Ligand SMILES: Cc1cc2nc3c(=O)[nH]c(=O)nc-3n(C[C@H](O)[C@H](O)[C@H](O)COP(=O)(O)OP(=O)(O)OC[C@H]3O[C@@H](n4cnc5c(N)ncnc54)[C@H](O)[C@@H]3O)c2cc1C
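Okay, so here's just one chain, in structure tokens, the form predicted on its own.
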Amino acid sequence: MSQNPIVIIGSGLAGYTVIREFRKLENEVPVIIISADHGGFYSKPMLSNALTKGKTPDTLLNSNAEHVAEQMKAVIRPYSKVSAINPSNKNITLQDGEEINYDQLVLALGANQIRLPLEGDGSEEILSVNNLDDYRSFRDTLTTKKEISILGAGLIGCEFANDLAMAGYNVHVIDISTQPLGKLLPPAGGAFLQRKLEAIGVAFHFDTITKRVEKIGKKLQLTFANGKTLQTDILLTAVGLIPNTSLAEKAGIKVNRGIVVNRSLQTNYNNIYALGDCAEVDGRVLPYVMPIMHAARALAATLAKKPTLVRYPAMPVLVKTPACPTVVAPPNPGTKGEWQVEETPNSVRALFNDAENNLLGYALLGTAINEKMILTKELPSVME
């Protein structure tokens, strides 16, 4: 290549959306995508409801690496791991020692599942689903199992619980909180979601700290801080994500909760950028699909020499729990206000208003989700 390429580390939604948007603006600049896995394109959010959608790991894959490379006029390097970023030399080093020079570097490294430091010889048996290969292993394990326990009653935990229960599995969800989606829903909304998921067979264990996981024959036995135990066939962890920052930090790229970038998605090196689950944009970590899409469009323009700041409009989050349709637009962190809640047997309508009665966020459950479009128009932008 006569011109050093744009190099993108990561082949998830963030990395592939950047190159897709970039190719709408610039068709000739070479691009190399470094993928730690097979490099195919799939919708990661669909992993948590694939069972009831009738999707297998194979049918979840939309395009293989070869097809994506041809479509996007890019070089994709599957099963390649980056061992070092060298900002002073403007290159990266792969695990096998190969060096690749770049003109501009995009970090789309994603996030890792948090692993709790649990005691016991069964802790190594805990599964997590963070990519398609993980999901394939999980599905293979499911074929001979019936009792599934999930650590974490957040977004991913509730979505998997709904999917597994609807598919006929016995599901237990354990969380230290007092309700599902404790960081997103007011108590009335959490209680409503809990009732709806319990109605399809999900058993919740709240105010519960898991201490040990031990192998008991073919089962795993969880021991809680209160002394109670629970036996299960599979233990799935879904307690949250932590941005993947170690590679950046070793290179001297500033990190905090995520890789620190400004509104241009630029790190402390002017030709290195980050977006997606690994990035902390102007102090915010937003691990959802819509922020990734907005960030990718802005970054694509910047890479095409049209500097563009990322802007986030109101971005409601649709929770994939068909047993209880739920959409949430959380208020910005630190925002002062109060929840105003209206309940019916079939819905919860919770509006987060400030002292002047301005709408700053909402949580809609059940039939109340029909108000999503109208209410979203009243919300302020997440980031102007």
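Throughout, we count residues from 1 along the sequence that is shown. All values reported here derive from a predicted model rather than from experimental measurement.
Beyond the structure shown, there is the form predicted together with this ligand, which is absent from this document and is the topic of what follows.
- Taking a 4.5 Å heavy atom cutoff to this ligand in the predicted complex, the contact residue among 324, 348, 31, 34 is 34.
- Out of the listed residues 299, 161, 259, 108, 108 is the one that sits within 4.5 Å of this ligand in the predicted complex by at least one heavy atom.
- The stretch among 59-67, 336-344, 354-362, 314-322 whose residues place heavy atoms within 4.5 Å of this ligand in the predicted complex is 314-322.
- If you check this ligand in the predicted complex, you find no heavy atom from any of 122, 153 and 231 within 4.5 Å.
- Residue 55 falls outside the set of residues with a heavy atom inside 4.5 Å of this ligand in the predicted complex.
- For residue 287, a non-hydrogen atom is located within 4.5 Å of this ligand in the predicted complex, even though that partner is not displayed.
- Contact check for residue 129: a non-hydrogen atom falls within 4.5 Å of this ligand in the predicted complex.
- This ligand in the predicted complex comes within 4.5 Å of no heavy atom belonging to residue 18.
- Along 46-60, residues 47, 48 each place a heavy atom within 4.5 Å of this ligand in the predicted complex.
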